[in-house]
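Listed next as structure tokens is one chain, alone, in the form predicted on its own.
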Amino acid sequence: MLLRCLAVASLCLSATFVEAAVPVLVIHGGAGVIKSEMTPDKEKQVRADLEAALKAGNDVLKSGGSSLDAVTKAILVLEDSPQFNAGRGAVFTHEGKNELDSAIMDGATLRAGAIAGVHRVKNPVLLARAVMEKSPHVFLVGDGAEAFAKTVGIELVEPKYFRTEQRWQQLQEALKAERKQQASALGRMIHYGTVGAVALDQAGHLAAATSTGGMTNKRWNRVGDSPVIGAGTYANTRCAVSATGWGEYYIRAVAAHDICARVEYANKPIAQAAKDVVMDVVPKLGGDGGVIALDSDGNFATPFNTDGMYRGWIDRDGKMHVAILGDEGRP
């Protein structure tokens, strides 16, 4: 009996002194940044909002909160900003409406929630999380998703909340080009956007979340990769990924899951796995964009193959970094 008690005590003591993971948070505000369109005022606001999102998520992690709560808090800040193609700053469809998509995934349990094609949900990431936590489903769309939102107390707003002059003018330019049969030339400039976050908490758990307004001038209730688990959003015990770019190609490549599979099954470093998919797999299909990817050891990467990608991170030293163009502040 004494030996058994000692053994149990030893196990408990060992569990008590398990070293906590050092939290890491990485966010993005969309790839495809056009340098010529980046005015000083716009850059200042984008950087301020990225920093605010990092602070919101990091405050959760510093207090011992979960990676799920951290990515949710970070995304909320980005959804409330008109600078990003998500929530308040969502782009317009061909019909002049806003259609919002989002997904979230808990790497520790593989639970996930996603929504697409909603018009009145103020913060789509909250509805995606509610689908994960308060429904038996993973993916809800359109009117059904909004009906569910009402049952769980998610805030709905009038569609005019999402109207910003910048996004409206982008739609007018796209329609004008379409009328001149120049849509193909413009297409590579209007499919970018999306916000995302990945986090590692003190318990060593990973999470990922993504939110988007989709593609300017999209038709027929098109849905991109952001809410598709494994394409634009994915997390497991080893890896978490949020993508941004030309969604059709990220879906075809199952890009987010592919990165994590390379980490888990091929033992590739997260930076190499992310680079292989973003710089090789997706471009070979004809697409472009970027990702943020984080592993369970706190290593992360932010590869992209466009002019730039709004991005930021708080590393294991607790330092905040924000970057927009080219190789600025990489990783």
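All residue numbers refer to positions in the sequence shown, first residue = 1. This structure is a prediction, so every number in the text was calculated from the model and none was measured.
Only in words, not in the display: the form predicted in complex with another copy of the chain, which the text now covers.
In the model of the complex, another copy of the chain lies farther than 4.5 Å from every heavy atom of K73.
When another copy of the chain is considered in the model of the complex, R88 lies well away from it, no heavy atom lying within 4.5 Å. Taking non-hydrogen atoms only, R111 approaches another copy of the chain to within 4.5 angstroms in the model of the complex. Heavy atoms of W220 reach within 4.5 Å of another copy of the chain in the model of the complex, making it an interface residue. You can rule out all but one of 201-209, 137-145, 119-127, 76-84: in the model of the complex, only 137-145 has residues with a heavy atom within 4.5 Å of another copy of the chain. Along 230-266, a non-hydrogen atom within 4.5 Å of another copy of the chain in the model of the complex is carried by G230, Y234, E248, I251, R252, A253, V254, H257, D258, A261, R262, Y265, A266, in order along the sequence.
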